[in-house]
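Presented below, as structure tokens, is a lone chain in the form predicted on its own.
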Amino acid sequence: MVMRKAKKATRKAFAERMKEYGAHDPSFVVFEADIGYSTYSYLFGDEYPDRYFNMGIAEANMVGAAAGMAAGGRTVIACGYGVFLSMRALETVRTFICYPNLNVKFLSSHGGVTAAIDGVTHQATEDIGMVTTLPNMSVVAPADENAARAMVEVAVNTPGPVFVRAMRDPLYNIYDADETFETGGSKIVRDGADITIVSYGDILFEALEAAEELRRMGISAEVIDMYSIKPFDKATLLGSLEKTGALLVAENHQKRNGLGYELAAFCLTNKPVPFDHLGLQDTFAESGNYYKVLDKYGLSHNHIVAAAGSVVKKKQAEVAFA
């Protein structure tokens, strides 16, 4: 995959497609928590003002109203910052959307420390752990513009609630406009033989940079975009591990209860391999330049290179010992 500089953040690409989708489904409605110019949901509101509801800075109330609309048979997208959707409104999401398994989809912006400059209050670094725990909730994280556009249909066509984790700023594009995605899917974006690196969202690009550096070091890394976090693609993961025999997960989230915890538990039962996991080490991040924050908290490509090298050495030592 070739990384090309992106012009749009995933939050904007999703919102643009959301507006287009509104023309195909007259019952489709959008709810907002007073940050429509940040989530770009205002694009839908300008086009369909009678199907757009700004509920103010009150995420729990917004989610409750969205649940009521969905209970009447409509498909709903509720928009907001991930840190507030996944915590401030969590009990309402759990009891009034996930429990009755309603068709409310979430455009969740500012995932992880992609909201670096906005500080800890707006950095959703616990959201994956929160929402993946909820029964009936599906969770996806598009990495680029075309993936984000496709996630509108993925979310709408997936029964029940779906949490779409979007990023604050444009980073890179790797997918073509005709690329297809599905709940429970993933993409092998770089083939390799020595180690599997699994990531999603923004850290996928750090993983691809790391894989190129690893190649120059003589290590062949396979990189998987695990864009569907719940459910995740077990078959592709197992197929990759059969080939590489080692796994590194890198994610813009707390290590605890992130995707890495899920994959580690899965591998212990199904395919034990040398393993490591990069994420926030039981700490909050801080406000600052996005790339500097990534590097300080161990999420940049150079940290991925170091961790991958250590895992490969561990695998080689185990093979030699055997």
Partner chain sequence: MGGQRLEDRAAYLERVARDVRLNIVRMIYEAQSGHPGGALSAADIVTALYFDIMNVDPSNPHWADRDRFVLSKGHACPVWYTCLAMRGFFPTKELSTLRKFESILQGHPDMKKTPGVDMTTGSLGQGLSCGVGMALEGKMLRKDYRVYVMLGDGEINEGQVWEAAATAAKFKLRNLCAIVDKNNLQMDGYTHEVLPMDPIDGKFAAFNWHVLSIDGHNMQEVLAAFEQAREVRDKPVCIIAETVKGKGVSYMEDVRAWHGKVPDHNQYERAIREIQGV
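Worth saying up front: this structure is predicted, and the values here are computed from it rather than measured. Positions refer to the first chain, counted from 1.
This next part talks about the form predicted in complex with the partner chain, which is not shown.
- Contact here is defined as any heavy atom lying within 4.5 Å of the partner chain in the predicted bound form, and by that definition each of G56, F84 and E286 is a contact residue.
- Contact annotation: of the candidates I117, V156, A193, A71, the single residue with a non-hydrogen atom within 4.5 angstroms of the partner chain in the predicted bound form is I117.
- The partner is absent here, but in the predicted bound form a heavy atom of R88, alone among K234, R215, K243, R88, sits within 4.5 Å of the partner chain.
- Under a 4.5 angstroms non-hydrogen atom cutoff, the partner chain in the predicted bound form has T121 among its neighbouring residues.
- Although the partner is absent here, I35 lies within 4.5 Å of the partner chain in the predicted bound form, judged by heavy atoms.
- The shortest heavy atom separation between V293 and the partner chain in the predicted bound form is within 4.5 Å.
- Only one segment in the set 270 to 278, 26 to 34, 250 to 258, 43 to 51 has residues whose heavy atoms sit within 4.5 Å of the partner chain in the predicted bound form; it is 26 to 34.
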